[in-house]
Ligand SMILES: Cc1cc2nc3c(=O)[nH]c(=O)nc-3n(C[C@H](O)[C@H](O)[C@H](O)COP(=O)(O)OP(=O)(O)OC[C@H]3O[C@@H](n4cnc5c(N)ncnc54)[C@H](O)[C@@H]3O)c2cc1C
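Okay, so here's just one chain, in structure tokens, the form predicted alone.
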């Protein structure tokens, strides 16, 4: 692998190697632009993937100290695990379902569409669906998304999804499909077709599901234009006297600190670490944190309005066979205020393994109690849904730095504060009722509603806005305050939508790479 000098100030430095950082690195590398990727986690390979949920959780999860606060149940049931994301080479593209949904047009314009909502901090993206559609198509081709763009057929249905789909059909729903998924249904682009092994949310053993770990990152390195340094935790972004980002201070695996100089810095560390880094980069010139003249850095944390609904059926279902998310019911993705809330939600079939279902069924007991035992006895008969709904942006749902507690790097521990908006409560209740009706229609013997568990979809905290007083970055993810600083992950999301975020992160990264290349050529940055 090419190695660049710490004093090379011609480089783009990318913080994070997941959907945003990994994609950006490869897109830039293919254009001949040199970059260094700094990844806080270890250098995993496919040999590290196990079809073992808890084994993979303990191996790849970001378990550095974090604090859940606010009115959400995480503050009680998951006080040290507000988010369920990966610390490692490939980031959270190791741990993801593969669902690759696009935003709807109205989901880009929540402020205009929903109007003033009390206790919400809505804003419109400075983008439209039409503007992003060509990049969605390129992202789908890059990732190998089943459906129209690639021509790949959707994946086969498993028994758990057949149960859900039949219930949806009997209750008048028709938007039912086993895609779009960024999982090969046929051999494509050097990756095999899905083998339907199951227990694959925490990593695809065969490589059928897209991950930057074995696509974007090695392809970027192969060009000779990209160096990836793992076990490197970024501590601070440095700037020069004019306020331009000049380099990145990081600690290696041994704790030794290094300063990598940079021409451009791109932050792609997820919606907790990215604002944390900007806040930790406060200086005399930027006393409230880097790129934070709007005061919006860290604010508007979103992680989807969600719940789990699992039904015990009269006969064996064996939902664990096949892809973890084997299909989607999309009839509820519409903005219909007569339902008592704004925005919509997907019903995504999700096969939880028995240990995870036991842990999440009764939060706090984690696998104990009569109700849990009774439910576990019916595990083989279960089919279940994960609700993925729009989460309203709120200014006080935010990432802050703890006043006294420090992590192993000496950095203030991040505090993730969230209290659901009333809209979120109304949507969750509707989703649980609708899912219950669907399962009742096919003869469910018992239905279990699970509260949200630690989020893998983390969005907002460095949001886009055309107005520098209302957002951190512009439509290209470029900081309004620091011209050569970009945000390249889901933290730039202005709204959450009801779509899983990875496809949109990749589409934005492709678009951002074009913008960075053009600005570098024009010597604007």
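Residue numbers count along the first chain shown, from 1. Not measured: the values here are computed from a predicted model.
What comes next is about the form predicted in complex with the named molecule, which is not displayed.
Undergrad: So in the predicted bound form, does any heavy atom of residue 502 sit within 4.5 Å of the named molecule?
TA: Residue 502 belongs to the contact set for the named molecule.
Undergrad: Would you classify residue 460 as touching the named molecule in the predicted bound form, given a 4.5 Å non-hydrogen atom cut-off?
TA: No, residue 460 sits far enough from the named molecule in the predicted bound form that none of its heavy atoms falls within 4.5 Å.
Undergrad: Decide whether residue 96 counts as a contact residue for the named molecule in the predicted bound form under a heavy atom distance cut-off of 4.5 Å.
TA: Taking the distances in the predicted bound form, the answer for residue 96 is yes, it comes within 4.5 Å of the named molecule.
Undergrad: Even though the partner isn't displayed, in the predicted bound form is residue 201 close enough to the named molecule, meaning a heavy atom within 4.5 Å?
TA: Output for residue 201 is yes: heavy atoms within 4.5 Å of the named molecule.
Undergrad: The chain here is shown without the named molecule. Which stretch in 433 to 441, 270 to 278, 106 to 114, 400 to 408 comes within 4.5 angstroms of it in the predicted bound form, by heavy atom distance?
TA: Heavy-atom contact with the partner occurs in 270 to 278.
Undergrad: Quick one: of 179, 88, 308, 144, which gets a non-hydrogen atom within 4.5 angstroms of the named molecule in the predicted bound form?
TA: Answer to the contact question: 88.
Undergrad: Please tell me which of 482, 33, 498, 40 lies within 4.5 Å of the named molecule in the predicted bound form, judged by heavy atoms.
TA: Comparing distances to the named molecule in the predicted bound form, the residue within 4.5 Å is 40.
Undergrad: Mind listing which residues of 4 to 23 have a heavy atom within 4.5 Å of the named molecule in the predicted bound form?
TA: Read in sequence order, the residues that approach the named molecule (within 4.5 Å, in the predicted bound form) are 15, 16, 17, 18, 19, 20, 21.
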